[in-house]
Structure formats: structure tokens, C-alpha cells
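A lone chain, given as C-alpha cells: the form predicted on its own.
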Amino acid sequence: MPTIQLRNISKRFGSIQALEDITFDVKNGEYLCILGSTGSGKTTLLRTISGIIKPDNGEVISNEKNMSDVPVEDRDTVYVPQTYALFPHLTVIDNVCFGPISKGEDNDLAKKRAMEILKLVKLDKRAESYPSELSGGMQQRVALARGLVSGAKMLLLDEPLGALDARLRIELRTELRRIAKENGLTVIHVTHDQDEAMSIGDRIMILRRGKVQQIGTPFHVYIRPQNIFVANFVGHSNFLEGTVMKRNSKESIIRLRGGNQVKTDDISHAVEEPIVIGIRVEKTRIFDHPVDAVNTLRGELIKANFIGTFIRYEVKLDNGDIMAALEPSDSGPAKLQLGDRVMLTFEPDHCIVFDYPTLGLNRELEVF
């Protein structure tokens, strides 16, 4: 049974439509990550669920009870904001203990649990420090620890790892999920970091301009994005505009700008229908010599970026389109030089074919 149900939630601030007709469920014990860019409505959505913001339309239902008139403090929910909201006059340990103690929990028991969580977030040695004595990343970890110690069954986390360095962020996100699962917590975790969302969420929800674009398991969203925006925002994709030239029961032949032809496994679009093909960059291969492949496009190498174990190549195709390919940094193509003539290939079953967007491809790729 769902713990939280949102039904047709909308919220406007002046001329800004922050949320528009949001409907989804969160199951008991689920870890849901909400992924979106700045200004997509993520924080407004969390604050609406917590009761801090009242929606213009729609309902927040918790365990079959409409929460519209339920005060924030009675919702068995803890909201951990980006701004930390720590008490400056209290030490770290007292900040973390504040919630349980204010609800009548034994002081010693509350402090014992608080120290366990502070060890987890690597702040047990700063338990007697004050917020002003901590870095922004440390303060964020204190706020996270306070949420974990609260005893609430639902955590609403607003960019809880955003101020941390990369190594600690990766370590803590794994621990955060483990704690949630071991304690049966329901978590809604907002982030703009797609790797973070993909690695810890049971499901992820993509939010854009206050609208839900897709919700599903990380695997499903990555493999079968429902639209061009999701394909571009989750992972990295190449996009090619074309028109269906031929179609049979197994494949379609697509005519690209400039006359090139490629094959796809998609047979859902009619002949002469304009479409957009999406191909993940890691499914795009680059060669400095002719190869025998179904889909081959020629161009000039214009950029090569070393990113650790991979090199990201950008190629300007002969028709003017730009495509990228991702190759292991120890592979043969790593010796390519800017200006080299190269060939890009991809398999027909790696093509995701989308309806051509009404306002054009570039508009569909816009984050804001």
C-alpha cells in the first residue's frame, strides 16, 4: 500500500507555474529519487509533501488520510532542507538530538543514537562544535544526521549530499540507502546529480518545469526514456533528425539530413514521417579506418576530452551534425588527432526513435 499519494498537485508563484498536475505514489519503504535541474520544482514538491507549502490544487494523501489540514509537526515526516537550518547556539550533538528530546525521548538514549549517526557521517569528533565552526559540507552532514535521528518514518531530503566532496558524496549515498532500508524508512531524495539518483533510487522521477516527465526504475528510465528530454538528461545521447524512407516488418530506413541513410529496429513510424533518433554515446563507436557496419557516418574529429578511464570524442559529420562517442582511454582510437577523418558506427537496435517534437529538437533539449 502506498505511504504517500499525490493527486493532481499544482502550485503557482505569481507568473511561475512551479508544479503542474503532479500525480504519483510512493510505496512504504521505497527510496524515490527526484531528478531535475535547478528551477524544475523539486524543492517546491518536497515542501508541499511536508506541509510547509499548501498547493493551489490537488491532495497529499498519507496512508489513505488527506493531509491538507494536518500540521507539519503531526505528519511523521522530516524535511531536511538545502539551507541546513541548524540552531547556531547549539552544539552539533545538541542539534542532532533536538527533535527526539523535544518529543520526550530520554536524553542519554537520544545522545547515544545521535553519536552513532554522527560516526556514520564522520562528525563524531566534532560533536561539541558549533555550526559556525564547521564548513558548509559539515553543516550539511549535521542536518542529514538530525533527520536520520528524528525517528520519523518518512525523510524528505533536499540535495542532502550537494555540498560534499565527490569521494564522501559517493560513500555517504550508499550508507544513506543502507540506513533507510535497514530501518524501514520511506525516502524522497531530491538531487540534480543523475549518478546519485541512478545508484540509490528504487525508482527515479524526472521533473522538468514543474511537470513529471517519467517515473520508473533507473534501468527502465535509462534504457527506455519516454521522450527526448529524458534521453538527454539521464545519460548522454546523440540525436539525429531524419525522415522514415522505407519500412518493413523488421526495420525502418531513415534518411538523415544530407542524404545519409541509417537503419533502426523501430517500425512504429510511417513512411515520410519526421523523427528523431537517439543513440547513447557509449553505444557509438569511432574508427580511424573504414569498417563494415550497418550504420556508418563520416566526419571530422573536432574535440577529444580525457575523462579518466574514457575519452569523449566529438565529431562534426559531413552533413554538419555533431555526434559524440565514448571510448576506453586505453583503446586504439585514443591516438586520434583533431582534424582526423573518422567513421562513427552504431547498431540498429541501439537506436531509440522519437516522434519529431512540435517545437523542434533544440527546444525539446532545453533544461529550463
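This one's a predicted model, so the numbers in the text were calculated from it and none came from an experiment. When you see a residue number, it is the position in the sequence shown, counting from 1.
This next part talks about the form predicted in complex with a small molecule, which is not shown.
The small molecule is not shown here, but in the predicted complex it comes within 4.5 Å of a heavy atom of A18. In the predicted complex, the small molecule stays beyond 4.5 Å of every heavy atom belonging to P55. The small molecule is not shown here, and in the predicted complex it never comes within 4.5 Å of any heavy atom of D94. Although the partner is absent here, D266 sits far enough away that none of its heavy atoms falls within 4.5 Å of the small molecule in the predicted complex. Proximity to the small molecule in the predicted complex, taken as heavy atoms within 4.5 Å, picks out 31-39 from the listed stretches 31-39, 59-67, 308-316, 339-347. For the options Q82, N232, T296, S150, the residue carrying a heavy atom within 4.5 angstroms of the small molecule in the predicted complex is Q82. None of E282, E251, E159, D202 but one reaches within 4.5 angstroms of the small molecule in the predicted complex through a heavy atom, and that residue is E159.
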